[in-house]
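Before any questions on how it binds or moves, here is one chain, the form predicted on its own, in structure tokens.
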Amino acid sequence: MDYEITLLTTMSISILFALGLNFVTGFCGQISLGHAAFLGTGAYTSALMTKASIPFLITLPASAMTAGCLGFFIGLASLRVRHDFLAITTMGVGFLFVGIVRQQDFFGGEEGISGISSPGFSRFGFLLLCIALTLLFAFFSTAIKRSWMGRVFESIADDEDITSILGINVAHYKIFAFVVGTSVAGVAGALYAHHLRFIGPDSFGFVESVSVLAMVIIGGVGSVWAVSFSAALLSVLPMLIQFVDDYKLLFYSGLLFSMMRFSPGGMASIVKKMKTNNEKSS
């Protein structure tokens, strides 16, 4: 039973992390190749605070705030750079984060932080917390997507200049998307730290950023349910198949290439085509 709980907890945290990136990339069209840095920000914030005997229920929102503040500044940077340049900028943030925590003893250096205290829940209770937070943000994302704000995000993703000409404050919505998406990554990071009880620089590197981007693209950019399914599947594969764990970057890169080549819309577009074909045939 412990194995199943561990598997489901890992799956829930991965889904939450992927939905955070989907809010930035899928909804607003802002490419991020360093999203693992925000996961790490939340993880280190919660780990260091609990080391100082601060309760987990306080470190959880603090992790969201810390990652969200970092996301705010990245959102400001997104106002000056777009597309490929934004991807390079966010990738640089990811490398910078890893470099800082690797070199500073305050963050545990190369050895990371071990012995992170229990969140105060049983393993099953912690799983329920992870599922509840994931479902809460999934419903929030769905509500935003179906609202007028979702249409604004869609317009920004299609063409920022035309959206701005229509009188919409593009800067406001882009920064909002970054703050929300990175805050959620911070929450996922806090859950991740207390789930594994150990964190280190290698846990939040470029491979992890590519992995979560693969979850979003393979599922279907902007689709809440498809990204959730993709994140659930891809998060447990390394735990079930040794090859995937040993060659994670190669595996995810290959999946990304195949999906972009044969189905750019991800699994969501495949399901949509199947439903359309079935309706036509009937």
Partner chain sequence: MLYLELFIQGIVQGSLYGLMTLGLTLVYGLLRILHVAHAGLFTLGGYIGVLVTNQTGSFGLALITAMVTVGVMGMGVYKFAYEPLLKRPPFVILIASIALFIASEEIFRIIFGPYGLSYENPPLKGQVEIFGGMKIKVGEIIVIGFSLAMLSSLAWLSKYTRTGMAWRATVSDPDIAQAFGVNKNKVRYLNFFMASALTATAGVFVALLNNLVEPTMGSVPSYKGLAIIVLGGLGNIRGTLIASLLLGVVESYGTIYLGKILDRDAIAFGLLIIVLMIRPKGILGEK
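Note that the structure is predicted; figures quoted are calculated from it, not measured. Positions refer to the first chain, counted from 1.
The discussion below concerns the form predicted in complex with its partner chain, not included here.
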Triple contact flag 81, 92 and 100 to its partner chain in the predicted complex, non-hydrogen atom at 4.5 angstroms: yes
Single option in 70, 213, 224, 234 placed near its partner chain in the predicted complex, where near means a heavy atom within 4.5 Å: 213
Option touching its partner chain, based on a heavy atom within 4.5 Å in the predicted complex, out of 113, 170, 77, 149: 77
Region of this chain that lies against its partner chain in the predicted complex, out of 213-221, 44-52, 226-234, 58-66 [heavy atom, 4.5 Å]: 213-221
Interface membership of residue 198, its partner chain in the predicted complex, 4.5 Å heavy atom rule: no
Proximity of residue 139 to its partner chain in the predicted complex, heavy atoms at 4.5 Å: no
Its partner chain contact at residue 104 in the predicted complex, heavy atom, 4.5 Å: yes
Heavy atom of residue 249 within 4.5 Å of its partner chain in the predicted complex: yes
Stretch 29-62 - residues with a heavy atom within 4.5 Å of its partner chain in the predicted complex: 31, 33
